[in-house]
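The form predicted on its own is given below as one chain in structure tokens.
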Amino acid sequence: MGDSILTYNGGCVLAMAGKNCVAIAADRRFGVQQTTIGTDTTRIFKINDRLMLGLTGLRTDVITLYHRFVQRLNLYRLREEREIKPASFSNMVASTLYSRRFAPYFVEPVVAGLTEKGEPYLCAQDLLGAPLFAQDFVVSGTCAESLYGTSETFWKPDLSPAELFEVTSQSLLAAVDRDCLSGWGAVVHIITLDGIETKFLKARMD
């Protein structure tokens, strides 16, 4: 578990699709291997009102990569005079990671958002930018195996925003309880056509 640099700081991200809505959630633990340093870490970043980015992996690379994306997004807005679409942003993330393939960022991104038609968009990538698209959910982080199990159990098609929040919360909390490198609280963002709603969850602190 502790042999990979991707697991050095712990953490996980889960994104799920509903009916005209998307949820993206993450735990809040920041640690150095099995030592917990903080419990208020941000792993999910707002790109615009219908798009969010989750980053797991080495914390220093997470911060560096996020600031690179902010820079590229500002240039995109100046050039295009519009907000970036989820598919375009996913391509930006993939090309940025692949450009550093010989000295990679140790980060696994999750892109979650809504298209112009209100359809969910989910994409998970590895540290080289290879994308995985899904219609139901995508996961990333140290407890990915547990997240797959709990998400497959709870998820069903066409969930409302309230149902999606409940399913995402229960899936994440059940999974992090089975992983010593993540947990210690969680945050869930619900993306709808009206905007983003954020809720914080209490979890086991041991």
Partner chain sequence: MGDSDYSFSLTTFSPSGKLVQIEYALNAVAAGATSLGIRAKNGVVIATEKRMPSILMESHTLEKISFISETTGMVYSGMGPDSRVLLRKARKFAQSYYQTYKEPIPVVQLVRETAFVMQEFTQSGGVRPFGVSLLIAGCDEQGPHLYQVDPSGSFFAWKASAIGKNMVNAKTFLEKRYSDDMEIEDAIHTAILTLKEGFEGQITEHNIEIGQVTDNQKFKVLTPLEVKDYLGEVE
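Positions refer to the first chain, counted from 1. All figures in this text were calculated on a predicted structure; none of them were measured in a lab.
Form predicted together with the partner chain: not shown, discussed below.
- Mapping the unseen interface onto this chain, L127 falls outside it, with no heavy atom inside 4.5 Å of the partner chain in the model of the complex.
- For the chain shown alone, K117 is not a contact residue for the partner chain in the model of the complex, no non-hydrogen atom being within 4.5 angstroms.
- The closest non-hydrogen atom of N74 lies beyond 4.5 Å of the partner chain in the model of the complex.
- The partner chain in the model of the complex comes within 4.5 Å of no heavy atom belonging to D136.
- Contact annotation for the candidate site: R28, T36 and T42 all lie away from the partner chain in the model of the complex (no heavy atom within 4.5 Å).
- Using a 4.5 Å cut-off on any heavy atom, the residues of 67-82 that reach the partner chain in the model of the complex are, in sequence order, R72, Y76, R79, E80, R82.
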